[in-house]
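Just one chain is shown here, as structure tokens, and it is the form predicted on its own.
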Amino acid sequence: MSELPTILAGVEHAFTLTNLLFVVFGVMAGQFVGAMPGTGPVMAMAIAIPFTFALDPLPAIAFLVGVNKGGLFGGSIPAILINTPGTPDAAATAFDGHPLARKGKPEKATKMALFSSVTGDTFSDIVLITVSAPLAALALKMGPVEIFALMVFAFSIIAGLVGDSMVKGLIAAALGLLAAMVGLDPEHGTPRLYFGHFELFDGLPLAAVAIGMLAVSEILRRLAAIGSDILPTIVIPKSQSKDDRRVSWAEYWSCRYVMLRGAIIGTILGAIPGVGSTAAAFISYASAKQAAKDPDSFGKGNIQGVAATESANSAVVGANLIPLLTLGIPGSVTAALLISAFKIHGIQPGPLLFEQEGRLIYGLFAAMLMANLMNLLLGQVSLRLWSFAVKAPETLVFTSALVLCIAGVYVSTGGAFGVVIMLIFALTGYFMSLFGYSVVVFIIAFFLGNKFELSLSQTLVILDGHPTNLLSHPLALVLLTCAVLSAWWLGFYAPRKARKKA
């Protein structure tokens, strides 16, 4: 546990002009890319990571967190205005947000999305601040066997919940682990799978793989879909009523239980690796509709539908950092990108983080709360600006993003070799998505590969080749049992039950 002077030093470190400016810039950039369909905060974070090399750790990571927070709200803008979600998280927001806009209340809908997004985000940040340090202290008592079992459990959940099927999820995870094996063996230092390219001795570049699979593959897909006519990225309806342009306190307060339920759902699902904000948004929307007195009004412009989805998907942001900071396990793609940012600055996420980098962590907590406030203020001021920004032509948006990807990877890897790796994994990500294999599972497995392999080697040494020695590790047994049960439930029972119901 961190002492009070460390906490105060971290908070003082956060409230500096430099850090504030990077938080503001991150939120602005996140809102902008979130409002651009096909880009989103994941792509923006992947592009921005190489450009944070020269920064101190706190401004760099606070900037990336600001991009993530702003991007989740920004994705709701095109979802509400013309029924085109800027991010997958905002898909459920369009159910009621767009009907509200068609009724002449676009500003009311976008402002409700902003208020509920900040509410859910702040709730999860408070949970993160109060829960993460005790969990880190508990995690310090976990040995290699328990960590290995925990990672197996995490992979079973991720493979089952993300993607079309458990089998495809496991195949994607296996491919990610295979990619992580490129380079030197973490146990013996033996080079593997480098095919004569000594640039791969340190493994595949994190930035090249992440940007290639997450950003460039999506850019290529969107560019390939552009027809002969040059169209704006989004067409905004011009007829807007001057009435009902604000959300009154009474309307906000009437949604308090919906937002609280959404924040709790998002926080719980965000703390589970691999579930993600999209699932949280749809589950929250379904629960709000089920609990409503007038469920038929949902889908026709009910403001509670907007509040339910935005509070849930934004609550995932803070909760994703719980397994990352306490166990070193990313809960989502954005959390996996944050791990690479930590490693760039020589910081290893995990249970020792609070003991070794307490000032940085509590500075980050303060910066996250600061980002929520900036998200609220900047969102209200710039809603009109973001609405007009999405009118930019598709060709301009995606070609500019592709140039930024190439430049960022070239700088981060020190040459054109990294750009080649990026393009290879861009094609890999494109074809994986085409055939229904989850890129998210691949990325998370790739980031965890070295740690997973090292934990496996240590576990085999500790058990001395005798499975019965697991009896002396009851927590590991519980986690492995949960992994088997989750694989059975998500891979066989739930899909078969769904088929019977259909």
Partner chain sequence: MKTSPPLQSQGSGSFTGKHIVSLNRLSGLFFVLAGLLLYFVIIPAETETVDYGWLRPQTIPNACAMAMTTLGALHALIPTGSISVKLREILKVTFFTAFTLLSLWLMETFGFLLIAPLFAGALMLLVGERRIGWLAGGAIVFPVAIWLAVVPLLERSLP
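Numbering follows the first chain given and starts at 1. We call the rigid core the largest set of C-alpha positions that still match within 1.5 Å between the two forms. These numbers come from a predicted model, not from an experiment.
Not on display, but discussed next: the form predicted in complex with its partner chain.
Using a 4.5 angstroms heavy atom cutoff to its partner chain in the model of the complex, none of 7, 22 and 359 count as contacting.
Residue 416 is the only one of 381, 373, 416, 291 with a heavy atom lying within 4.5 Å of its partner chain in the model of the complex. Between the options 411, 264, 369, 157, the residue in contact with its partner chain in the model of the complex by a heavy atom within 4.5 angstroms is 411. Mapping the unseen interface onto this chain, residue 185 counts among the residues with a heavy atom inside 4.5 Å of its partner chain in the model of the complex. Among heavy atoms of residue 165, some come within 4.5 Å of its partner chain in the model of the complex.
Taking non-hydrogen atoms only, residue 221 approaches its partner chain to within 4.5 angstroms in the model of the complex.
Among heavy atoms of residue 256, none comes within 4.5 Å of its partner chain in the model of the complex. Here the chain stands by itself, but in the model of the complex one stretch of 420-428, 118-126, 314-322, 292-300, 420-428, has heavy atoms within 4.5 Å of its partner chain. For the stretch 169-194, the set of residues having any non-hydrogen atom within 4.5 angstroms of its partner chain in the model of the complex comprises 170, 171, 174, 175, 177, 178, 181, 185, 187, 188, 190, 191, 192, 193, 194, in sequence order. In the core-superposed comparison between this form and the one not shown, residue 448 has its Cα shifted by at least 2 Å. Residue 357 is not among the residues whose C-alpha shifts by 2 Å or more between this form and the one not shown once the rigid core is aligned; its shift stays under 2 Å. With the core held fixed, residue 488 shows a CA shift of 2 Å or greater between this form and the one not shown. The gap between the Cα atoms of residue 181 and residue 325 is larger in the model of the complex, by no less than 3 Å, than in this form.
Relative to this conformation, an increase of 3 Å or more in the Cα-Cα distance between residue 189 and residue 344 is found in the model of the complex.
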